[in-house]
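Okay, here we've got a single chain as structure tokens, the form predicted alone, with questions on binding and movement later.
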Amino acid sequence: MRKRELLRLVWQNITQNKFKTVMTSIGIIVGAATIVMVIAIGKGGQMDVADQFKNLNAGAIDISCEGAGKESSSSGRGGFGGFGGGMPGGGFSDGNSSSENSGSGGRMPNGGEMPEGGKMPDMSQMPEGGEMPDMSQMPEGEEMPDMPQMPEGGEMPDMSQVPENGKNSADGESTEGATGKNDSAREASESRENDNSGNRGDRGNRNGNFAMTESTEQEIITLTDEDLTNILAGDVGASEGTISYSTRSSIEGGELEEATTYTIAGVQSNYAQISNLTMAVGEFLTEEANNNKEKSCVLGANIAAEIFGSAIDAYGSILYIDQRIYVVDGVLESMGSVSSGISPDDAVFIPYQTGIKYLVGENADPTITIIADDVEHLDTVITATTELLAEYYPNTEFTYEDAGSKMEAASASNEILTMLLIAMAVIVFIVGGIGIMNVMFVSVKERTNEIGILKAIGCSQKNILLEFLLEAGAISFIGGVLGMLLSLGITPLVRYFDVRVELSLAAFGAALAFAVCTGVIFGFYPAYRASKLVPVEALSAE
């Protein structure tokens, strides 16, 4: 059979029942549309990632302190008298007592309360048995006895062996009525001195009379310019860096009808260079403006358009930040990304020291950004920086984020989404291919007599096989074309949900190739079965 006659026969079989052809290819239509959207959304995601991080230096590392700007509530050390402890017999404070209580030593012995106007009694004369007197009934005007001096190291002497009628002298001299010096008590006290300057270790009395407590809570600090200088001078593998912070404050001016809250970023003059920011008009904040705490600002592209209408109108204008006048020195180009936790398009940049003085004060929560000299060894730089900061702040934990990790994480998320969509498209194609296979089996069954006639007039098995494969491929091709048209109709709907879609010829070509291949692969077995029919049996089949 000639090729032209074979193609005419295939076309007739397809056009005789158009509805059947379309319903057969419905799975292919959906699969083709899915393939187009998968590639388009994946490409759009890649472009989003590129745009989001285009202003980030690949070697940038952000350093911040967890909980910075919040007050630390670490407990004080328990002790005696002015160290925050209670009087013997009266218990110890929890270490959080006020300075007023800690100065006096807390409660009186045996639970007695300090009488109004009373003074501390003279305790230089210990009563018989070495016990403290009951002071709960302290008469008005009486003085408290002289307390023994606190031995070096902050520990109380062992008073369990005070001699009868003895006097515990603070200067170590012999006392009235004493049988001798209280050498054993002094020696025991000296042997328990704290050997690490009173900051660490067990400070408690070994006889169990006192129990000192020490806070182990994390120290909260606020990063400063000095910390940045120390890092850059510490040979950690970074020679450039900056410090910045952000806050929220009300802004008035321009076309705003009422005060509106925006993000205010306090930055240094080199922030624009490190973050690869580009000026649309004007210039970025200068070092002189920072040193003089000038009230000047630079606007992000979105804020400039929202407040003044355009970058040109914003340049040189004034606005009110927290009811203070600021002059707009420049406007940034649209960046569409985040740098040091700040979105340039939606932020107002002011000099670092200006913000410290007028906006944040001691509540600043700065982030230090350093640029690694070698982007291939970011982990080494982070490790070295961690060790350096540990020398200055041993009880503080810092958070590190590098631009490379952010980009990798975003790219990985986009790749996962793309793989999920591809898996969905493959499943749809398999379902569509199975549909084509079933329809082709039914077609072979219905056209058994036709196959017998074709073989009787001299058609070979190859011609029969080729005819059915061409039919399956043609149905798939039609489904692929319809699927591409469907994807064009879906694109505006997907974009309506703020999903970036980038259509391309490669996407359409891939969808059409997948469609045709699916039809041919799943149509091969029915075509093969048709080519193997015996002419006599085919002609006699009902």
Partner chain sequence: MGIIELSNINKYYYMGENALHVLKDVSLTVEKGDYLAILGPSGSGKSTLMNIIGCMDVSDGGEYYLDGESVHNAKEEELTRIRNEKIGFIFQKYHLIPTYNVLQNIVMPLLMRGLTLKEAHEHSMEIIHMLGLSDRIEHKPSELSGGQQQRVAIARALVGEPAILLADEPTGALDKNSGIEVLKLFQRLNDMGNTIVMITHDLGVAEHAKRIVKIVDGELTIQEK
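Heads up, when I say rigid core I mean the largest set of C-alphas that superpose within 1.5 Å between the two forms. All values derive from a computational prediction rather than experimental measurement. Positions refer to the first chain, counted from 1.
Only in words, not in the display: the form predicted together with its partner chain, which the text now covers.
In plain terms, the part of the chain that comes close to its partner chain in the predicted complex, with a heavy atom within 4.5 Å, is 444 to 452 out of 296 to 304, 444 to 452, 428 to 436, 392 to 400.
Using a 4.5 angstroms limit between non-hydrogen atoms, Ala456 touches its partner chain in the predicted complex.
The closest non-hydrogen atom of Asn13 lies within 4.5 Å of its partner chain in the predicted complex. Using a 4.5 angstroms threshold between heavy atoms, Leu9 counts as touching its partner chain in the predicted complex. Within this chain, Asp329 is remote from the site of its partner chain in the predicted complex, having no heavy atom within 4.5 Å. Contacts to its partner chain in the predicted complex (heavy atom within 4.5 Å) from stretch 521 to 536: Pro535, Val536.
The two forms, fitted on the rigid core, differ between this form and the one not shown by less than 2 Å at the CA of Ala259. Annotation for Asn363: C-alpha shift under 2 angstroms between this form and the one not shown, rigid core superposed. In this overlay on the rigid core, Arg324 has a C-alpha that sits less than 2 Å away from its partner position between this form and the one not shown.
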